[in-house]
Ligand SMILES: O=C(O)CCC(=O)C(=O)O
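Read the single chain below, which is given as structure tokens and is the form predicted on its own.
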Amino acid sequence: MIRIDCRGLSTDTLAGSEQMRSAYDCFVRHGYAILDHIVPEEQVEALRQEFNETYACYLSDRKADESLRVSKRRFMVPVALSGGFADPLVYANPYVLAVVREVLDQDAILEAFGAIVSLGGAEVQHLHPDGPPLFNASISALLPAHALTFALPLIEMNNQHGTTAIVPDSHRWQEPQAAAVMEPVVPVGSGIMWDFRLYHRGMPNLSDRTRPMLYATYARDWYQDPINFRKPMQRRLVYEADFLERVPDRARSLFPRLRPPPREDDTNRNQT
């Protein structure tokens, strides 16, 4: 299994670095990339505590209109881009974006953001891609990626808490087939990303700890996930009114569909 160690790698020289070239090559060839040491461990621990406090309502086996059950005791839940989750290192991590913009393009967007919560006792999922093929034809497997998922675990992904098992090269399948499944350990501070077409599955959580995993869907600007937001109350992006004002210039292109709130003088003018 190929892993990219980002320790000591300057964010000023990412585009031409050997590490990012290796990550891009692994993603295109095998459909995934594992990036180690991209967020300080203490920051991830703070995010875990914030998640447990802010989203305690999702830490039990209950249905909610704004969440989606994705297997037994496993849910996809909304996470607002606020507090620690509004830190650009989380939703626009420079190491992740360097790969995203090479795999997709410079105008790639943040299509959705939230968390997958695997409660203790969560069972193994069936193998699946994150979305359907673009076309009902063999050409879909030959095309460049149109979307990808990035996962940042808030506790280590391993054979006790569960991990996301992947089938390398399966993004090029024209139909499902038997293949070796890999179960990477993803420590705190590291992340894994995979092509939307790659077959993968959540592994069982054999512990009594809840395993929250932040996810971000990055996509070409014309694509919208047609599968995972079926319920009317689900939202792809949840953000505060002033969020866009705090987005750094390097990440603004991720949000072409968001608009800053009207200024007070504009509001007054519209009311006269």
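For clarity, every value in this text was computed on a predicted model and none was experimentally measured. In case it trips you up, residue 1 is the first one in the sequence shown, and so on.
What comes next is about the form predicted in complex with this ligand, which is not displayed.
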At 4.5 Å between heavy atoms, only one of the stretches 82-90, 124-132, 167-175, 98-106 reaches this ligand in the model of the complex; which one is it? 124-132
Can you work out which of L154, A112, A145, I116 has a heavy atom no more than 4.5 Å from this ligand in the model of the complex? I116
Tell me, out of A64, V28, L206, V70, which residue has a non-hydrogen atom within 4.5 angstroms of this ligand in the model of the complex. V70
Proximity of R74 to this ligand in the model of the complex, heavy atoms at 4.5 Å: yes
Classify T163 as contacting or not contacting this ligand in the model of the complex by the rule of any non-hydrogen atom within 4.5 angstroms, answering yes or no. yes
So in the model of the complex, does G202 come within 4.5 Å of this ligand, heavy atom to heavy atom? yes
Looking in the model of the complex, any heavy atom of V247 within 4.5 Å of this ligand? no
Using a 4.5 Å cut-off on heavy atoms, which residues of 202-227 contact this ligand in the model of the complex? G202, R211, M213
